[in-house]
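Only one chain is given next, in structure tokens, and it is the form predicted alone.
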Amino acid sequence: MTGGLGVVTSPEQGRLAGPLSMSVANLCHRLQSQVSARTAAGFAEVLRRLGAPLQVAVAGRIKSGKSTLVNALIGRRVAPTDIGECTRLVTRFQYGTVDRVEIVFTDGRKQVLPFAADGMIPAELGVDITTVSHIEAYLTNAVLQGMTVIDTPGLGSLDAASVSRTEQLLGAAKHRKDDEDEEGSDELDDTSRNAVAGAEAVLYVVTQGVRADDQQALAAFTAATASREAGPVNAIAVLNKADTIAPESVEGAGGDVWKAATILSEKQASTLKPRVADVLPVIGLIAESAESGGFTSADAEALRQLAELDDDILQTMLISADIFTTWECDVPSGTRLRLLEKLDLFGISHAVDVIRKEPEITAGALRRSLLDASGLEAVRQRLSIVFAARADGIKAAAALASVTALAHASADPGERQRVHDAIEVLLAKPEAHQLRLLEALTLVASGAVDMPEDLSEEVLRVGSNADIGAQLGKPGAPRPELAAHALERAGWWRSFASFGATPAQSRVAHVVHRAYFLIWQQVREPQS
């Protein structure tokens, strides 16, 4: 069947993210009959991935609150947050018309896994975990129609196998059966499978201290192959558990917890850049409780009772969790423990302040206030800007990287050349310039091409933003000013490419020159 722009589509492709993805899909279709069975099988997998929602891995150190954040993003408490067998495995949450969970074994077998009584994936699986590849969870939640969320075991765990599973996901590695016969098979070998596996984008979860292995994990992250590293196009980070930051420990916070978290996030962003587009503060626990149905009218009523306590008494109770749960008051200790598990001390304090300012507030409005206080909406907006709005470019670039890796793995020089020529024809088209820009951005962000710091920042700015004003470093400027600046920078980068740049820098400079020229064409005043 043929889609718009003369692009071939097929039912197994699903909905393609946009014209760039369609162009790559068309390339794969054309080449499938011209390559070996094994390479053609790889192209079929690339086509399947192109038609699937963007795959976003939520990764980070153990106990960073990844699964809690996953539940908040999905809007359902389904990922176990306590240590158990399930948390030692990669779990893919994707859209399905019927809720179901499957255990996928390393030999390809699948076994349906019933939900636990609380509606979550069971923490204990009842099978030999060493034989399990990963877990597939199909949920009817609408958010998963546009994004597959992948929960990963924590890095830094004492469980080497769990860390290995995460590193394989981040490094796009997959296991094959030991007894699989490679000779004459049209199945993917290790190299080919690595070329098309793995997440396409990453949401990295950090807590107060960025450690060396955080940097290493981001450096190892790949969109489709080990040569495609995390960068500001496909990676953002969140500073989770922002409510645990001591504001007096952060200069300039003025005693405000959220201000302290924002300042600390900015510092961590400078540490992790250019691996991530941004670092945003979030309180995953409050977000999960408010968004996934964990916060109830009974909780709101208990908070109302707490709000009626003398302020000095309540402030004393809020000094620590132990004091809060053991202090003698009319609210039962078990109820207070439940509030603590859902909101922690910061969330309880926030809710009480809201109730005291607005005594008649409904439970629903109080839940929304807690959600606002969690910072989840800012994370969602950033996900939309960084990932969803660029899904076409991210998926197309990842797919092209996969196609290139598949060709490179081929033993047939003629086949490698045919694929290389087809890719060059695609990249020569004006509409494919975004892919060139993403490639240049990745090269500079990863350090593969060394650029002076000011020029690196300019490449990152032009390639990392969707808004033209932000691309040009002139947000809100009038169109004539934007056009003049774009034309001036286009000329500068063209001169740099021809004089003074190294060959590698020159290739990047030509791409940036073209990007500025296309921006100029887009924003210049119409000719009279």
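Residue numbers run from 1 along the displayed sequence. Note that the coordinates shown come from a computational prediction; the quantities given were computed from them, not determined experimentally.
The same protein has a further form, the form predicted in complex with a small molecule, not shown here; the description that follows concerns it.
Check: Exactly one stretch in 316-324, 301-309, 234-242, 412-420 has heavy atoms within 4.5 Å of the small molecule in the model of the complex; which is it?
Finding: Stretch with heavy atoms near the partner: 234-242.
Next item on the list: Please run the contact check for residue 284 against the small molecule in the model of the complex: heavy atoms, 4.5 angstroms, yes or no?
Entry: Taking the distances in the model of the complex, the answer for residue 284 is yes, it comes within 4.5 Å of the small molecule.
Note to self: Within 4.5 Å, heavy atoms only: does residue 61 come near the small molecule in the model of the complex?
What the structure shows: Residue 61 belongs to the contact set for the small molecule.
Check: Taking heavy atoms only, is residue 82 within 4.5 angstroms of the small molecule in the model of the complex?
Finding: Contact with the small molecule, yes.
Next item on the list: Classify residue 344 as contacting or not contacting the small molecule in the model of the complex by the rule of any non-hydrogen atom within 4.5 angstroms, answering yes or no.
Entry: Within the cut-off, so yes.
Checklist line | Heavy atom within 4.5 Å of the small molecule in the model of the complex - residue from 464, 26, 55, 68 | finding: Filtering the options by heavy-atom distance leaves 68.
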